[in-house]
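Quick setup: one chain, the form predicted alone, written in structure tokens, and binding and motion questions come after.
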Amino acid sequence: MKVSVIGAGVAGLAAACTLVERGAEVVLHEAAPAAGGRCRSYFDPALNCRIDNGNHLLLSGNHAVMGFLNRIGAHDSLSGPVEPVFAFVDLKTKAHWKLRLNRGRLPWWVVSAARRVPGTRARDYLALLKLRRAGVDDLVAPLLAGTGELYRNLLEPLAIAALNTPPDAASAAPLRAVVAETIERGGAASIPRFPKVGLSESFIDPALAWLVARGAEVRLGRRVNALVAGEKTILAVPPWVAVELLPGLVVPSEHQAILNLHFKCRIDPGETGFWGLVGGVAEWAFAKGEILSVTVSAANKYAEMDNATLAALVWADLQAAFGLGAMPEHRVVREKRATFAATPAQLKLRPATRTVDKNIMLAGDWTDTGLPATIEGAIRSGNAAALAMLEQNPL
């Protein structure tokens, strides 16, 4: 069976790998000159080094991610702390602290003041039980904001990072799914992971090499403008492109931006290699060798702010956090439609994997994976699309 996979982002690569592994003939199409979509690295001439177009923090409990990396021989390309530990900086007080989970499922870490969020009590964490009952129409902030320091220093940053949507508008349901698969499974499922070198080196280049070595055809820089009737196809493109190729398809239509700022600055990575930044413009900072890379999520509110002003504000946060000097060379990367907005209304627009045409399946983090728009969700969607295609059209 021959299958065209349109889109060589992580979802498309996962679909292609699953199909090839099960004996299908695959042609992978990508309109851009390079594969990867939002998950890629490139050389920046101004900074004179390679950078990731964005930052993606993974967790050891992301089983689809780990399975994908194992398949393409790239599992050892990830790095991170050996324990489930997360470093934070409170930009108001300039206090540095760490959240330290224990590895087992019984969360005894909450009874240790040295391991939990500063200023919280063990009973505050019972608020997480509210997430178990969260439905699509329940919003994050009304559900969890009454927990004081726990919300400000942990739950709000977690929600913004996972959902890329302001908590007062974001549905708590996808956050519930994330917590259920990581924190609730214990620290062993919550160990932070990120690429040692770059996103392309972990997810994209090994996947392309794996596919080509097994006979898949990869066509980069070649846009597909129309579907061929009767051709078995997996659409692994952004939702606005999917609608162009498949008129009448209902997809999420509202999006949130993500801003990534890369500063030519080397700092001590410490125990974790990254920090959550509380109370500032940015949410996360990553020490990546000669680059200090910062992410601003749910960033639509900064759409009209010019790059120079934005960089100055973020650098002020970094100065407060790490005692840095003058702002170095830097690059601002704006992803205006990074993810769909994880609001109740938009979640209800996520389509299923299968379409009305048995020869066309959908893949992408915007499809109905039950998870937010993450790498884990994208890979699951690709796997699901490939398996649905094989079930509908057995080899």
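From a predicted model like this one, the values you see are computed outputs, not experimental measurements. The first residue of the sequence shown is number 1, and the count goes up from there.
Form predicted together with a small molecule: not shown, discussed below.
Think of it this way: in the predicted bound form, the small molecule has a heavy atom of just one of A64, C39, L347, I51 within 4.5 Å, and the residue is C39. Between the options A31, V27, M327, V332, the residue in contact with the small molecule in the predicted bound form by a heavy atom within 4.5 angstroms is A31.
Contact with the small molecule in the predicted bound form, defined as any heavy atom within 4.5 Å, is confined among 257-265, 87-95, 301-309, 128-136 to 257-265. Although the partner is absent here, A8 sits close enough that one of its heavy atoms falls within 4.5 Å of the small molecule in the predicted bound form.
Although the partner is absent here, L58 sits close enough that one of its heavy atoms falls within 4.5 Å of the small molecule in the predicted bound form.
Using a 4.5 angstroms limit between non-hydrogen atoms, V237 touches the small molecule in the predicted bound form. Interface membership of A373, defined by any non-hydrogen atom within 4.5 Å of the small molecule in the predicted bound form, is confirmed.
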